[in-house]
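Below you will find one chain, with nothing else, as structure tokens; this is the form predicted on its own, and questions on how it binds or moves follow later.
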Amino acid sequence: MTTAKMTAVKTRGISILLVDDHPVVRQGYRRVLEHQDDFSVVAEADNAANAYRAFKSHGPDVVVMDISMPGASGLEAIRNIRARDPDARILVFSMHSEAAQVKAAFGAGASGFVTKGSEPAELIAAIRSVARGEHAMSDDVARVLALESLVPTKSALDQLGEREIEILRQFAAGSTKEQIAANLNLSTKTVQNYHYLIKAKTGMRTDAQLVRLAVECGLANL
């Protein structure tokens, strides 16, 4: 974070971009966050593209980002925002706590990960930590990663990169190859190649098996 940005945090509090595709969720957490005297939600967004535009327009101190959204997910938004500003502070706020999801988020450039089942105090503390340039996790996420390090679980997703996980998530959610290509600014041919590689790496032979894998790993819901 630049000196100017750090000074701004100290003098005017912490400005926040809140990203979630459910308006009721955004409204509820906006009230929780703005109950803090030094928090200000300066913008909201309901998808990855709008999150990127809002970040460019408002330059918030912290982005609070859901990763499960229609179209391009929060992972893609994190990647794009960090490409624009390597110092961006992004806290993932998700209903998922699977190790593969958490590692993908940090790999994309997130500074923290808090689940929606956490107490509001955990979210607030995590925002403050991320604003200071620190990493933050809710207790349940920390436990998942600790268990993963002690007793590594075999997952087919371990063979996939961040972009492959994102394409699998969108495919399992019902997006066509053409829609995925448009969401990720890729050619349809490139998405087709990724689709083939995902099958080869995971050992899945059919699209139905890919969808089942995504559901089992928390990337999609039936």
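Numbering starts at 1 and runs along the sequence shown. On a predicted model such as this, the values are computed, not experimentally measured, just so you know. Rigid core here is just the name for the largest C-alpha set that superposes within 1.5 Å across the two forms.
This next part talks about the form predicted together with another copy of the chain, which is not shown.
Shown here without its partner, the chain carries Ser187, Thr190 and Leu197, none of which come within 4.5 Å of another copy of the chain in the predicted complex through any heavy atom. Although the partner is absent from this view, Phe39 stays clear of another copy of the chain in the predicted complex, with no non-hydrogen atom inside 4.5 angstroms. For the chain shown alone, Gly28 is a contact residue for another copy of the chain in the predicted complex, at least one non-hydrogen atom being within 4.5 angstroms. Another copy of the chain in the predicted complex comes within 4.5 Å of a heavy atom belonging to Glu119. Shown alone here, Ala83 lies farther than 4.5 Å from another copy of the chain in the predicted complex, counting heavy atoms only. The partner is absent here, but in the predicted complex a heavy atom of Ala172, alone among Ala43, Ala181, Ala172, Ala49, sits within 4.5 Å of another copy of the chain. Heavy atoms closer than or equal to 4.5 Å to another copy of the chain in the predicted complex belong, across 31 to 65, to the residues Arg31, Val32, His35, ordered by sequence position. Once both forms are fitted on their rigid core, the CA atom of Thr176 lies 2 Å or more apart between this form and the one not shown.
Superposition on the rigid core between this form and the one not shown places the CA atom of Gly203 2 Å or more away from its counterpart. A displacement of less than 2 angstroms separates the C-alpha positions of Val25 between this form and the one not shown, with the rigid core held in common. Compared with the form shown here, the C-alpha atoms of Glu44 and Glu178 sit at least 3 Å farther apart in the predicted complex. The pair Lys116 and Leu213 is at least 3 angstroms closer at the CA level in the predicted complex than in the present model.
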